[in-house]
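Below you'll find only one chain, the form predicted on its own, shown as structure tokens.
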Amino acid sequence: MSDDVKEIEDQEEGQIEIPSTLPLLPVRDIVIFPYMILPLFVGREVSIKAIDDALSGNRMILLVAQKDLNTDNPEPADIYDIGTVGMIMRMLKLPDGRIKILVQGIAKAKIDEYIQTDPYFQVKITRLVDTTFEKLTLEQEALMRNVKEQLEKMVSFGKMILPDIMVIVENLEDPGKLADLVASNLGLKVETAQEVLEIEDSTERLKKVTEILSKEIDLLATQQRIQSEARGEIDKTQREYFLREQLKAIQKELGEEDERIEELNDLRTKIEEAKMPEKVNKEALKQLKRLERMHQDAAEASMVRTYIEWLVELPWSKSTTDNLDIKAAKKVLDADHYDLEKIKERILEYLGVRKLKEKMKGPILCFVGPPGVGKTSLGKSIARSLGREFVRISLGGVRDEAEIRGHRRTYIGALPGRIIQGIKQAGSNNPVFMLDEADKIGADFRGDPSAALLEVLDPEQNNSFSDHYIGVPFDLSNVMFITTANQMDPIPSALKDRMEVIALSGYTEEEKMGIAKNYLVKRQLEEHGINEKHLNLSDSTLKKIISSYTREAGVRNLEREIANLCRKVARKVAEGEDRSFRITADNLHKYLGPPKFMHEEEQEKDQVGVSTGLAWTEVGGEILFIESTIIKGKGGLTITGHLGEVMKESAQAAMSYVRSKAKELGLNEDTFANIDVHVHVPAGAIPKDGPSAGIAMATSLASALTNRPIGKDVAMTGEVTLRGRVLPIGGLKEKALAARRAGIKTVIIPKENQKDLEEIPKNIRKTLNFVPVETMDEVLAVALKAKAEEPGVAEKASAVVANA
């Protein structure tokens, strides 16, 4: 700040006469107070000319701060109104063209008017004089004492203020001069310093300085606390370093250093024994060298150690020997699962090829079917028949790509993905790896796991699968991957293309009987601590449980009901009734309560307008009756029964077909204009959809209009077109089973579905008469009986027309 502070005391305002007109020097980034002495560097042309003018006269110049220090050519509006008159004490021209001047503040002044602005500012001023006090008031004395104490406190906190300034401050008795001197030595911002300068009343100015000092003291105290805390952290780190070094020396004396060497040697041995591929072995040794150079307590040391342990524990060269005895494998599959011939055949084919060709890529199978049909347990049986390890992970609800590919090692707590974890768990590089619930994978901001599976499930790519954590390729081509799903639609097409899809349909009633007798009953008896002597279940009992207490494609609920029976019997045995409990179809309700499901029963007689359709559901096949009736109206068609859009369109197409065949059916063409037709499918609370009820609707309409009854033992399925063609449908096996349960004798099917009859068990085919058809004419010829003798729907329709 000041270079010659003694001159402040010698300078008195009354001794110097200040002219009313002075050149103006705009000052950047500083506010000059009276009695300040400081050097200024001047480079602007306008400022240099103002200094030249001052030096040619009385060496006085008005020093005023400009509002924005970035303004190079300030206008009057850019300059504050109040500044300080300064005396230029010395001037020195610098080599770069700038001027260095030493100025001393004399007195405050206010700009009244700008006389000229070019080539430099010339202003008319009014001198501002502080009020003089003969005797200080108590408030002023208190303020001055407070300011002096605050200044000393700031110095104690480390604020750099010259000792000479402190001496002058201590001896000053003028409030205004004290305020100006303190403010000029605090290094305040321009806005704050200008605010102090512009306060005319010396007492108020001193109050403002007190407020500023308080704020500065708070800032310095906070700064000192932060520095103290930081210094404490540094001291703590240094102390820990020295302690570690001492501990290291102590461990060396105790021989504990040998343990670390032993651990590193152990890892080196494991790397050699793991028989890794050359590239992986190189990476493992590289990481081991890094570990050797690290301090054992370093944060990264544990990460590197964990990574090396993962590498050595993976089965790079360990594999189980396949059991290539095809007959023995078939026995295992048959012992574990009833039927499922197509899947068993596929596994035995794989074994056959594996026996003839040692090196082959593992197949990627996908089992698709409803819940409870044995998809997951089938994977275990395949592993047992091959003599391989079995690993299962569930993909249901997985939304993070890192679950498949792993996390990068830079993250804290990083781990390999579930594929590599499963391989490590198996302990061999050729396990049977089941990816359960592949249709329930999710996706969000963390990536798409199904996309990460593309590499895993591609035989052409998975021989060099790269996990983000491991960072080196692992060969998955020897792994036999099996995925399971309830539906194929949610699985992305790219992933679906990489898998061999094997569909598992729902079990027939006979198949469920076989599963229950051979597997479920035995398992539940063993789990409940009883045997066949305590519980006797007849075939008719099991059949009733299947038909009246469960409605499912698989056998989970069936097993629950059998378990329910076992629990009840086990309780009675535990209570002391050690006897045989014979449960029959007649007394089953005493144990399981009333039947939960009732199937549609066969009609008592042939009826007009009521046809029997066949439907497919997730829990198997069902029969449904389609009713049509005719009432007086204006040619409208009403369709009810909670039907979907496709089924409603089938009804409209059937109606259009029947109207187009009015002559062939012996109907008057004007009949349709005077009647309304109502088609209803009972069980209205159950949603129904699909095109396969088309021919059943057309037959029902034709029957109602011609008054010809439909055979009670005839059921049908097939899509109908406006031209009367019968198109193929799906789920024929389930529909045929439903027809047999309902006592149907004849089933009309589309001719194109004739090939699907091979899927139906022979014993079912023998009991049903399948009639393949291509057109509706053939359907009506089989389904419709001779015209009813009693007045029926058709006569009522004729009466309606006659009365219209």
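Everything numeric in this text was worked out from a predicted model, so none of it was measured. Note that residue numbering begins at 1 and tracks the sequence as displayed.
What follows is about the form predicted together with a small molecule, which we do not show.
Q: Answer yes if any heavy atom of Thr376 is within 4.5 Å of a heavy atom of the small molecule in the predicted complex; otherwise answer no.
A: Taking the distances in the predicted complex, the answer for Thr376 is yes, it comes within 4.5 Å of the small molecule.
Q) Taking heavy atoms and a 4.5 Å cut-off, does Lys572 contact the small molecule in the predicted complex? A) The answer is no: Lys572 has no heavy atom within 4.5 Å of the small molecule.
Q) in the predicted complex, does His337 have a heavy atom within 4.5 Å of the small molecule? A) Heavy-atom contact with the small molecule at 4.5 Å: present for His337.
Q: Answer with yes or no whether Pro728 is in contact with the small molecule in the predicted complex, where contact means some heavy atom within 4.5 Å.
A: No.
Q.
Under a 4.5 angstroms heavy atom criterion, identify the one residue in Leu314, Val332, Leu565, Val555 near the small molecule in the predicted complex.
A. The option sitting close enough to the partner is Val555.
Q) Within 4.5 Å of the small molecule in the predicted complex, heavy atoms considered, which of Arg523, Lys661, Lys207, Lys124? A) So the residue touching the small molecule in the predicted complex, by this definition, is Arg523.
Q.
Only one of these stretches, 455-463, 338-346, 147-155, 197-205, has heavy atoms within 4.5 Å of the small molecule in the predicted complex; which one is it?
A. Stretch with heavy atoms near the partner: 338-346.
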